[in-house]
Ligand code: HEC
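Coming up is one lone chain in structure tokens, specifically the form predicted alone.
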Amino acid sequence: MIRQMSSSLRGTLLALMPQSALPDRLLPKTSVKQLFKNQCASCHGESGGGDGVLAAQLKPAPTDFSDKARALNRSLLGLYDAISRGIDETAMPAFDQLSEQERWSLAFHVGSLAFQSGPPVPSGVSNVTLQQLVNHNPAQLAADLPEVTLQTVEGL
């Protein structure tokens, strides 16, 4: 019941918000991995598991991006916002010195870390728009698009 209400409220808020500026293109994967290593790995760990060299000193602990249960309920827009603005009452700073393209690239990168251990999923889901992919988490996409399985959404 609460999940349905919050999903409905989220849909209303997204409809009322101005469209977020979506990335025209992301950085190459090798560049994003290096950016993650330079900017994020000391807290989040080399593979995003929340186990970086500084992690033990931080309360609350850094996010474990490899946690699939949490990733299913996390949107790319939420990740981009956290990277851009930081997170209050945590050690997560705003990375406003990074370009918009770098911040979007990092959001897409960390958003994919929980889904890299499974078998590759065939592509070809043409009815998922970039706006939907960014604004909704994988669980919402699978629920809102009955012709798309959760496994397919995870592979996007």
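Start at 1 and count along the sequence shown; that's the residue number. Only a predicted model underlies this, so the values are computations on that prediction, with no experimental measurement involved.
Absent from the display: the form predicted in complex with this ligand. The rest refers to it.
Looking at 116, 131, 42, 101 here, can you tell me which has any non-hydrogen atom within 4.5 angstroms of this ligand in the predicted bound form?
For this set of options, the contacting one is 42.
4.5 Å heavy atom contact, residue 82 to this ligand in the predicted bound form
Judged by the heavy-atom cut-off of 4.5 Å, residue 82 is in contact with this ligand in the predicted bound form.
So in the predicted bound form, does any heavy atom of residue 60 sit within 4.5 Å of this ligand?
Judged by the heavy-atom cut-off of 4.5 Å, residue 60 is in contact with this ligand in the predicted bound form.
Does residue 47 reach this ligand in the predicted bound form if we count a contact as any heavy atom within 4.5 Å?
Heavy-atom contact with this ligand at 4.5 Å: absent for residue 47.
Indicate whether this ligand has at least one heavy atom within 4.5 Å of a heavy atom of residue 26 in the predicted bound form.
No, residue 26 sits far enough from this ligand in the predicted bound form that none of its heavy atoms falls within 4.5 Å.
This ligand in the predicted bound form - contacting residues of 93-107, heavy atom within 4.5 Å:
Residues within 4.5 Å: 93, 95, 98, 106.
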